[in-house]
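This document opens with one chain alone, in structure tokens, the form predicted alone.
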Amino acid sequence: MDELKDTNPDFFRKYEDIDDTEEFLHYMMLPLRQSFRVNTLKVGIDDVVERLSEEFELERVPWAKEGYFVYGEEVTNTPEFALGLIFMQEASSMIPAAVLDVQPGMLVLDMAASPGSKTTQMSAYMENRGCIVANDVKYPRINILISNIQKFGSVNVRVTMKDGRYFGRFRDTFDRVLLDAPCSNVGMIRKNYKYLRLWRQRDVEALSRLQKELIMAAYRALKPGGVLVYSTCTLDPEENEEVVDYLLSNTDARLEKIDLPLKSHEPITEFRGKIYTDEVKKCLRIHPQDNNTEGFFVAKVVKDE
């Protein structure tokens, strides 16, 4: 553990103020459990579970009826993976699309969509009816996004390549908006230690500024009566509670409490001299030890009629 702390002492010094438990450090260093989501656009859940159970031990993800943890090697070598019947997707990243409550026929904006796990998840929930505008800002990420949309049979998706802030001009347009924001990826350290080596406080602060601009644009693009979900796979308060607090302070947005069968940590309302509204307690702050997943943060925002 000491050797690991030497990789990025600044990270561990800061995170003593976020979660200083041994359990947090232990789970941050554990390899991540594999999980997949059944692509219900192509196959029934029971059919896939029955077939893969012949080779692997499966455990249902409590908060996503089509999500499963999988124990065993090389599930990505199966025909189910090759044919796009399953999408390898981290269990906590299935939460934002589940919370967004998309319905067939809706107009949905996925503002930072690549690689497309949540886009294809929403497309399945919408039964390929309605339209998802799946956007990303970088050309290489667009290629991955399009490849996955095609592989998983999502035909109600239109892809755009724009800075997410561009969509702020489409005021009151979308029934649902998902902003799975670019972030410092602390939750993904369990997947790859490069995210620990790359973490810098100055990047967190720059990302926080960008995330505030993105969430303001996302909220402007949301129809009255619509729902916006903001999520990140990081645990820095500046990228989570602070961004939501900024939206609530500058608009008439309100939060809804998220009720899912999972464990979570109390959101942070004060951090290093900054005070955030108690409303952020309605958000989900998931630390790795809560459900043995990536760290994640999710907020459900409503724009009243």
Partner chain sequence: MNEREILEKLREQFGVEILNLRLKLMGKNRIYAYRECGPDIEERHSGVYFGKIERDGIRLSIEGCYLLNDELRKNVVELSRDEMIRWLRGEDIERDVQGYVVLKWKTYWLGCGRGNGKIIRNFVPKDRRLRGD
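The model shown is predicted, which means the values in this text are computed figures rather than measured ones. Residue numbers count along the first chain shown, from 1.
Here the subject shifts to the form predicted in complex with the partner chain, a form of this protein not shown in this document.
Of the candidates 185, 208, 156, 117, 156 is the one whose heavy atoms come within 4.5 Å of the partner chain in the model of the complex; the others do not. Just one of 274, 51, 26, 60 comes within 4.5 Å of the partner chain in the model of the complex, counting any heavy atom, and that one is 51. At a distance threshold of 4.5 angstroms between non-hydrogen atoms, residue 220 is out of contact with the partner chain in the model of the complex. Contact check for residue 85: a non-hydrogen atom falls within 4.5 Å of the partner chain in the model of the complex. Although the partner is absent here, residue 174 sits close enough that one of its heavy atoms falls within 4.5 Å of the partner chain in the model of the complex. The closest heavy atom approach of residue 150 to the partner chain in the model of the complex falls within 4.5 Å. Look at 87-95, 175-183, 224-232, 142-150: in the model of the complex, residues with non-hydrogen atoms within 4.5 angstroms of the partner chain sit in 142-150. Using a 4.5 Å heavy atom cutoff, 76, 161 and 167 all lie near the partner chain in the model of the complex.
For the stretch 38-53, the set of residues having any non-hydrogen atom within 4.5 angstroms of the partner chain in the model of the complex comprises 42, 43, 47, 48, 51, in sequence order.
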